[in-house]
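In the form predicted on its own, a lone chain appears below as structure tokens.
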Amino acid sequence: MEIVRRPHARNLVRFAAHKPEVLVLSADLTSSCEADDFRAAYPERFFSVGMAEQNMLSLAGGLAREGMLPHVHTFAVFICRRAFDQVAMSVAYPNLRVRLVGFLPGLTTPGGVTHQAIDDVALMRVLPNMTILECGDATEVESALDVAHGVPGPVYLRMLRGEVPRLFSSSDPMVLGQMRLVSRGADLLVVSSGVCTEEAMRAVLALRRKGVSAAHLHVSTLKPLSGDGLCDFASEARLGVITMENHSVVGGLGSAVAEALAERGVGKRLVRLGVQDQYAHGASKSYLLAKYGLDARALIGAAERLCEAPLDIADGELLGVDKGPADEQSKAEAL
């Protein structure tokens, strides 16, 4: 599996090359959020506001009112927790074209509770006018800005940084409102997003080898969710549906899927994998995904509950997708 280094940094420079209205705002996390290449290429369009995220969001709203297209770059927690009122009143309420690029989503950081955005999707989902996108691999990182560019209002984007695996062909970019059909199956439906999709791919392959067929949908547009297409697949899943997200099970992908199923009268069992209404602590990404039930092993366990039988899948059978080299973000100093 190809590992792409800093795809967002290069893509941001490409994206902005012939769009003079594109500005980048940073809050003392320029290199950490891969905005340093943009700063070097277009210094007159780069603004560092210091550690003042609330002011940065208000500034972004003002720039958007003047016809600019600001792309706010900081950690997801600082967009969604620290500056939530400014996002709501200065960006979402006036329905302005501001791009909120949030890094370190969920448990992808060793920084502990202060840096782990496990509630950001829930917070952004509740805001009218807000579109929510999430990248699952390098191909989606390289196409997410183009997708966001076509949205007339604000967009919140859960972004990946550093060394990012390529799970999908570079000729198959992200499409607004469209889920990816990763695999077909009649026994289960797996719905995943973000970094959990790689884990789901490993588990689905192992399930198939044990005779359990699972349809697998990867979701990159979390709001608005394509409920009709989702429910078509859910209706065909004999045993039920499993959602898998790098986020709290409260208010994120699992909640959105539950709402879609209930509103359309699809009576299927639903198992939601994610952070189970608790805070996490700091450690490597692989450790945290395993500890809090967001990895391939957790998906196997959920499948066993729906099958009501042990499947006897060993850890060695969950290596169908090469995970590549160790993630540099697992280092405690890599914040």
Partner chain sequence: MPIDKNEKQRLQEKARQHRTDIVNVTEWAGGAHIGGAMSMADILTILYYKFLRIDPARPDWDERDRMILSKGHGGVGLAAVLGRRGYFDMALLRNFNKFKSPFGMHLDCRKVAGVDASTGSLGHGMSMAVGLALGARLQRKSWITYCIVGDGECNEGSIWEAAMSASHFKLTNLITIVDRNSLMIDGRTEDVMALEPFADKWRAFGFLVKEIDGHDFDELNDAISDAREKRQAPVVIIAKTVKGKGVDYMENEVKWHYGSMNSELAQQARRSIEKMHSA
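Quick caveat: nothing in here was measured; it's all calculated off a predicted structure. Numbering follows the first chain given and starts at 1.
Note that the form predicted together with its partner chain isn't included here; everything after this is about it.
*Asks:* Looking at heavy atoms inside 4.5 Å, which stretch does its partner chain contact in the predicted complex, given the options 292 to 300, 272 to 280, 49 to 57, 305 to 313?
*Replies:* It is 49 to 57 that comes within 4.5 Å of the partner.
*Asks:* Do residue 268 and its partner chain share at least one heavy atom pair within 4.5 Å in the predicted complex?
*Replies:* Residue 268: no contact with its partner chain in the predicted complex.
*Asks:* Hey, in the predicted complex, does residue 68 get a heavy atom within 4.5 angstroms of its partner chain?
*Replies:* Contact with its partner chain, yes.
*Asks:* Is residue 23 close enough to its partner chain in the predicted complex to count, meaning some heavy atom within 4.5 Å?
*Replies:* Residue 23 belongs to the contact set for its partner chain.
*Asks:* Counting only non-hydrogen atoms and a 4.5 angstroms cut-off, does residue 63 reach its partner chain in the predicted complex?
*Replies:* Heavy-atom contact with its partner chain at 4.5 Å: present for residue 63.
*Asks:* Between the options 229, 173, 224, 94, which residue brings a heavy atom to within 4.5 Å of its partner chain in the predicted complex?
*Replies:* When its partner chain is considered in the predicted complex, the option within 4.5 Å is 94.
*Asks:* Using a 4.5 Å cut on heavy atoms, which of 89, 258, 122, 181 is close to its partner chain in the predicted complex?
*Replies:* Flagged contact: 89.
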